[in-house]
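Quick heads-up: it's one chain on its own, the form predicted alone, in structure tokens.
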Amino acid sequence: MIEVADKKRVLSRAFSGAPVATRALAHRVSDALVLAVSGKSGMASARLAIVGNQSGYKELYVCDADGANLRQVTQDRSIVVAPAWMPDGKNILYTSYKQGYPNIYRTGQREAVSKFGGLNASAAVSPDGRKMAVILSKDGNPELYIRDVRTGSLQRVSSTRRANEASPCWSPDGSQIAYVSDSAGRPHIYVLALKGGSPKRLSRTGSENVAPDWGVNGQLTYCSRQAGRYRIVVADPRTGVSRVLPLDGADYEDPSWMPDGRHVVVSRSVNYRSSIYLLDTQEERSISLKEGAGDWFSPACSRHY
């Protein structure tokens, strides 16, 4: 590939793949071109984990970043929630009620990863793969814990006797965790530096702020209930400056950053029907990725592939 203006070679690389994998090959080429031209990662080769109920149960599915190649992963015949990719981009953590109570599972293995008494939910593994943030209620109300992936040792991070914590996510360098707490009376987004200090409240507006996700661009996105609608917010955790994405009158929830640091994938609900959409955070554009039979929720995008 050559830039016409200055005749500079931008990309010189050969690609190969099996005939049955032409779609994946095209995605690799697309991402290589984006990286060569912009210096930023593309998103075509990423994969999505989503929850769908087309079977009559909420099961875990995976698909390409454009919604194609849908494949059902679980057969729990129950309720699956909160999927989160492992750093290797191959396995997924999720919460399942298949035993009648919420435990955390990992794709590729049958036994639960976390099955303490009470709630086990919203697991998220650190970028280096060494630690797992998780919400447990084994000692009372739901609190934030950090578990050593290798040894299984637990560190309790929050201690709010009359409040609940939820939905932890890691900063790109693994030094901070963003999560939800209703310690102020309503759910808000907090950021905690693991080296020490008190949690800092990030969200200031909206009656409910939930489902944070930290992108490779250093920005946090989350869902905020404002004027009776669920909206998507993008915030800078360093400055606290935030903006609401200007969209239509539908409800937008469960945002997850794509690897390019520009787009987020969300669930969009209209008249009690939910589908998966891709949103451009820099321009007022959205694309439908998954509609049709059943409802689709809780998208989570892989970051490494």
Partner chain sequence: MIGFRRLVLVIIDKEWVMRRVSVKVGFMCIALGGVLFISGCQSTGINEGVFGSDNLYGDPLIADIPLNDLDGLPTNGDRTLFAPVQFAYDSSALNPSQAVICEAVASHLRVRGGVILEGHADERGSRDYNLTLGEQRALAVRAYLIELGISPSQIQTRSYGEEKPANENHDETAWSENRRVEFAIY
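Nothing here was measured: the structure is a model prediction, and the numbers come from that model. Positions refer to the first chain, counted from 1.
In what follows, reference is made to the form predicted together with its partner chain, a form of this protein that is not presented.
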Practice task
Would you check, heavy atoms only and a 4.5 Å threshold, whether G215 touches its partner chain in the predicted bound form?
Solution key: no
Exercise for the section: Using the partner position in the predicted bound form, report whether R161 sits within 4.5 Å of its partner chain, counting heavy atoms only. Expected result: yes
Exercise for the section: Please check if P199 has a heavy atom lying within 4.5 Å of any heavy atom of its partner chain in the predicted bound form. Expected result: no
Exercise for the section: May I ask you to state whether Y230 is within 4.5 Å of its partner chain in the predicted bound form, using heavy atom distances? Expected result: yes
Completion exercise
Assert contact residue (its partner chain, in the predicted bound form, non-hydrogen atom within 4.5 Å, options A235, A82, I92, A133) equals A82
Problem - Sole residue of M86, V113, L192, A166 within 4.5 Å of its partner chain in the predicted bound form, by heavy atom - result: A166
Completion exercise
Note: its partner chain not shown here; in the predicted bound form, the stretch from 171-179, 97-105, 68-76, 125-133 having heavy atoms within 4.5 Å of it is 97-105
Practice task
Let me know which residues along 51-65 have a heavy atom within 4.5 Å of its partner chain in the predicted bound form, or say none if there are none.
Solution key: K58
